[in-house]
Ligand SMILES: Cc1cc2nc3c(=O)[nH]c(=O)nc-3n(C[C@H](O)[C@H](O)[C@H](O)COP(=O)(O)OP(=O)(O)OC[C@H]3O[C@@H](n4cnc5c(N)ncnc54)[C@H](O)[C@@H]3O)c2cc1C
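Next comes just one chain, in structure tokens: the form predicted alone.
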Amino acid sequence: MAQDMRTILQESKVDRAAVDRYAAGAQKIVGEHRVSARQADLLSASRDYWPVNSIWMREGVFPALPQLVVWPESTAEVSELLALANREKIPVTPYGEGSGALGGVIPLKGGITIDLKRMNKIRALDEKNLLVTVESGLNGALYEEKLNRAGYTGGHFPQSLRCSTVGGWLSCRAAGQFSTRYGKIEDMAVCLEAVLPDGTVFSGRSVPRTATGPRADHLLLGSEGTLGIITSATLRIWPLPEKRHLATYTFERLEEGLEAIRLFMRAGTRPAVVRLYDGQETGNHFPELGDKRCALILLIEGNTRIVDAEAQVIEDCVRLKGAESAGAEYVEHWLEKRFDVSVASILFQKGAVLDTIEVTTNWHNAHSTYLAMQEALLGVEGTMLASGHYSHVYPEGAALYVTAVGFPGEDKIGYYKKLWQAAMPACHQKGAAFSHHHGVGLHRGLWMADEHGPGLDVLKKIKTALDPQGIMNPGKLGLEEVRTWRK
């Protein structure tokens, strides 16, 4: 039985009688075949891609388990399921495909996991207004494929594209690899449909912009299931691009590459892909270029004349900063490999602990944040490598990824905590924000008081107002203390 399996973070469970009552009620709502307490279903809905989960799985333990999994197929069913949970005061964890990297789907207090993957339809394609209305459980790759067949792109390509859902993107304010042209998911979201903990269904209006007070539906963006469940969204789409331009440049120093990017973003260009690697990552990704210079790969797409103009402006800016051209083949190589995460699995099997910590910086602190975080991570005993790259760039700054790899021996969890205990203060001291698009989940909640200051109390008040029973995804976003996971 799943209940007998060893769990590490389980803070509590719901009384068996209450779970049985809920199961009986849920079966009336969705049918017996879409309610399960089978061990395989509970296990599959209990974890995500948080590296700590990989460590525990290899040790044969699990973070925490739900007591029931339910698969709704409509907003009406979600409404009834949440209303029932609210009456019974049973915790609810929304689940998409579990591609998060911070423990956001771990059911700390047991209860019910509502798995949304059966809500996977495109409800409407509005070609005149370039909008699509899509249910939140649709797989990301299938979403893009459906749009491509109609001649459009959603413009959203996270590395988790093949194992994530539209609702997951919205819930953690995700970014795709083409975000400099198309924006993050919150830039694409025109309106959301959502269900509150008491079963109330509401949605925003599908219009370009509004000035009718705060947008209640947009409050769910980035809420990670703590305020309710997003059931569908109307998103912006674009015609498939006429042309692509690929280019690679190298710089002697990372600072020169950053300054070149700042200049061409200031000039008004919006390439789809902008990725600047430090020497270590240049050598890892593009061995032919070596590790003595820093590689910048660019992909520009869209209208032919606009692409040509942007390519020329970018060429002028990077040349001002001493760039050398390296051709298009390195971008083609990146396109082929961009969804491949197999290296991480291999390293875990060999006893390594690794994580990529993404933060967001302005231009004035982009390089100093990289140096500070790299130094802090290398200062943790057992760390073998701390490298970085920048992506998702804007006129005001960029996202910075710092990857650390270490071989700590037996205490892998302790080492993992030390990595973050070193990296987060270094980030904070330089004025960077703690996340660009991976969100908060369970783990990053430990630093949300530092990130938000008094703003965290505002978020807690909103949580209490919308979820007075505290049933929605307990322990996430730093909204409450977690006894079983601390710094």
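Not measured: the values here are computed from a predicted model. Numbers follow the displayed sequence, beginning with 1.
As for the form predicted together with the named molecule, it is not shown, yet the points below apply to it.
Checked against the named molecule in the predicted bound form, the residues G279, P241, G204, G98 give one hit for a heavy atom within 4.5 Å, which is G98. The partner is absent here; in the predicted bound form, the one residue of I261, A233, V105, I112 having a heavy atom within 4.5 Å of the named molecule is V105.
Although the partner is absent from this view, E224 contacts the named molecule in the predicted bound form, with a non-hydrogen atom inside 4.5 angstroms. Contact check for C163: a heavy atom falls within 4.5 Å of the named molecule in the predicted bound form.
For the chain shown alone, T180 is not a contact residue for the named molecule in the predicted bound form, no non-hydrogen atom being within 4.5 angstroms. Of the heavy atoms in A175, some are within 4.5 Å of the named molecule in the predicted bound form. The stretch in contact with the named molecule in the predicted bound form, judged by heavy atoms within 4.5 Å, is 164 to 172, chosen from 69 to 77, 369 to 377, 291 to 299, 164 to 172. Although the named molecule is not shown here, in the predicted bound form the stretch 343 to 371 places no heavy atom of any residue within 4.5 Å of it.
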